[in-house]
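Just one chain is shown here, as structure tokens, and it is the form predicted alone.
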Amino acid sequence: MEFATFADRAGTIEAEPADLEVIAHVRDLIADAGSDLEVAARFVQGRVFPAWDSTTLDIGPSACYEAIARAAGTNVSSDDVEDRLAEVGEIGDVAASYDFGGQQGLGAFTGGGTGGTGGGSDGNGGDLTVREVYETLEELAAAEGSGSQDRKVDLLFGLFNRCSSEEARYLARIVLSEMRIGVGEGTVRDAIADAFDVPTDRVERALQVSNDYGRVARIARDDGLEGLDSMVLDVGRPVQAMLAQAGTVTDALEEWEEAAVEWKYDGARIQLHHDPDVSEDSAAETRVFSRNMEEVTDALPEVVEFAEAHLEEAAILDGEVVAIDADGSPLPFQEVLKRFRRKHDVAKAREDVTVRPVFFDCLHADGEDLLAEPLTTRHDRLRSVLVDGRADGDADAVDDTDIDGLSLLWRTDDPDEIESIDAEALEAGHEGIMLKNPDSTYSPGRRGKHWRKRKPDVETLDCVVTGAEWGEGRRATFLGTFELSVRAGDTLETVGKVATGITDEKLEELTELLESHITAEEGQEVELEPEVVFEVGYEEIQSSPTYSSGYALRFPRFVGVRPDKDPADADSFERLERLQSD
């Protein structure tokens, strides 16, 4: 497929206000994509790589602006591009405002084979294909080491130099993950079902086990329903985590009659993939992923060691990693933060902060997918997987409290017993309890009513940090007050500031975390890139003209950083309104 054709279809989709028509346009796009089907199914969502793949382009806005400027002509600088962005407000429109394809001579070839003169001096593009764009971006992502950033800019320049204005619009958006044409995961799912005449629920199941829209689209086209139904979980390829929502004991027991109760740990979500030795000359492979499917294996050697010591069969386990002190007691979540994404000097970090895994679900064991099994069945399988790795290996002879890495599970219809379990969890230093439907299946990526988190005393919101203020006196070198925002469509709306519940030690950590995201300063106030999410407690949500959301958090207090959440996962304006009205 020519990239010009893709850009034309994307423009049609972007201009379409009706959801059903958007699905129809996406259906037609993927039906006509031919050998580029997998790439087109990702590009239309603004993705370069499958959702499970942690590969990134690792190219920032400034590098993209430089590539655009070079392709636009000798009289255009990256500062000019940034200035135009400030006026126009959207990088695709900025890219489309330039005439590309006119760079001749040596400068046109610095991007290698892809960076040729291609489009010609009229900037009409037309010879660039979807496959070439993908392969060049793949090469760009692989560039590393000395000079890699220059190489990335060269490659990107080569693409822009071959683009028409409309092609440049969507290339810039794909590169910066800002597609925003109204195509979400559900749209592509429905389009695949419609394009290749397969049931939507079977496409949904295939997506759950593969987390790869391009692959599912290709299999639906080439192998139909039989191919989709044959798709299974792959050990080593992460899937989205099942999520919980806030809930009460009363609501849970009314809906389920009986609840499964677990302790809620103050840790970070992990997904463990372990494939043991399969032959004499092969070693076990263990990989660990975060809630957002980012690989964190190297940062958590304790989890790898646990898997090698306790797992004798291939398995995919869902759990948490918790920081502990010398006595094994849990430490605050901020301690996990020091380890979770550590890439360098892991051994030293391990000396400072010890972590241990606790698992509460089993998605796959010994070649068998368990997503469709009830929670209680999956927990029984988890127990047997962990017991099998013990020296005695006798499940009947082992008490659950003696099984390393196993999260305990109680089944009860007694509210008083649930309160007692909650009290024990809090006394042990954990956050409280989780309430789960004993019969619930595992739904990757879903935040349904089958899992509910119950926290003590205070409701919380996950807010994006969009600004801050430098402190005063002994805190003058720390950021001490933080502006909080919630998602409202494609924008962020402020809802308050938080400055309480934060020790000097935490302020130092937060300053180190946020300082690299400062985009502007005026006096004590700074603006921040929306990259970090805080969990914030509050006593009440009240109407307020002070903040752009129209609401303010009363008595907000800092609970912790959520490194396992991106800004797109933060709480929405709709949830803010719903909580305010409750």
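None of the values given here were measured: they were computed from a predicted structure. All residue numbers are counted from 1 along the displayed sequence.
Keep in mind the form predicted in complex with adenosine monophosphate (AMP) is missing from the figure; the text below concerns it.
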query: Non-hydrogen atom contact Glu320 with adenosine monophosphate (AMP) in the model of the complex at 4.5 angstroms; finding: yes
query: 4.5 Å heavy atom contact, Arg350 to adenosine monophosphate (AMP) in the model of the complex; finding: no
query: Lys453: touches adenosine monophosphate (AMP) in the model of the complex, heavy atom cutoff 4.5 angstroms; finding: yes
query: Thr286, heavy atom within 4.5 angstroms of adenosine monophosphate (AMP) in the model of the complex; finding: no
query: Heavy atom within 4.5 Å of adenosine monophosphate (AMP) in the model of the complex - residue from Leu510, Met434, Ile418, Leu228; finding: Met434
query: In the model of the complex, the one of Tyr98, Phe360, Phe196, Phe157 near adenosine monophosphate (AMP) [non-hydrogen atom within 4.5 angstroms]; finding: Phe360
query: Listed range touching adenosine monophosphate (AMP), judged in the model of the complex by heavy atoms within 4.5 Å, from 474-482, 82-90, 166-174, 259-267; finding: 259-267
